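Listed next as structure tokens is one chain, alone, in the form predicted alone.
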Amino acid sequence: MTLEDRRDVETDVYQPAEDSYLLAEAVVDRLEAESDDVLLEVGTGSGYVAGRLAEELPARVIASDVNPHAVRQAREEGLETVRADLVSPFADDVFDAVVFNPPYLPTDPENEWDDWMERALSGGEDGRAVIDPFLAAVGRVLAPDGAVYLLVSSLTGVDDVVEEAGEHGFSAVAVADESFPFETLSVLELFR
């Protein structure tokens, strides 16, 4: 990796933090994957969550991100990667589980800037600018008995996310929570 590449990773790729650790742990604990299962992590960032899944579960794991710097970093970590905007390039009914730590921080439009790290963090005014389109699209790529693991913040409105998921045919249960001074993070398991 060149010095310029390293700078790109440091400034343009979301690195693992408390939300990443919570999501990875919850999925590893909950998911009973088989060797022929195929899992997708949307918005992989550094590849930490996909890497944990690949290490600890017997399934095939695919990591995707819209950010080319994130795709490069995840690939360098040895992950199978695809540059993708949410689930758009993937075939119907193929994933036994889809995992997503979306940009969820509510952001005043006047305080946004246009760079890769902002895209990794900003969920728009209500925190759901990426979550809602994801919920509308993920059912198409999910296998009939598949599950979605979605990290959400109390800043985003967990009940609003659950309601939106319900509008797309999903039931939801919180499978992990962790409280911090300014928010509570929850991992929702969505199923049909």
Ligand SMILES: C[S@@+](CC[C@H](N)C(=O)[O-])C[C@H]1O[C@@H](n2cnc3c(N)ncnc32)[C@H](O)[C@@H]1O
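Just count from 1 along the sequence shown to find any residue number. All values derive from a computational prediction rather than experimental measurement.
The next section is about a form of this same protein that is not shown, the form predicted together with the named molecule.
A heavy atom within 4.5 Å of the named molecule in the predicted bound form is found for exactly one of L135, V42, L53, L150: V42.
At a distance threshold of 4.5 angstroms between non-hydrogen atoms, D93 is out of contact with the named molecule in the predicted bound form.
The closest non-hydrogen atom of L86 lies within 4.5 Å of the named molecule in the predicted bound form.
Using a 4.5 angstroms limit between non-hydrogen atoms, V66 touches the named molecule in the predicted bound form. A residue is said to contact a partner when one of its heavy atoms sits within 4.5 Å of a partner heavy atom; Q73 fails this definition for the named molecule in the predicted bound form, lying far away. The partner is not drawn, yet in the predicted bound form one stretch among 44-52, 163-171, 140-148, 30-38 has residues with heavy atoms inside 4.5 Å of the named molecule: 44-52. Contact annotation for 91-106: residues with any non-hydrogen atom within 4.5 angstroms of the named molecule in the predicted bound form are F100, N101, P102, P103, listed in sequence order.
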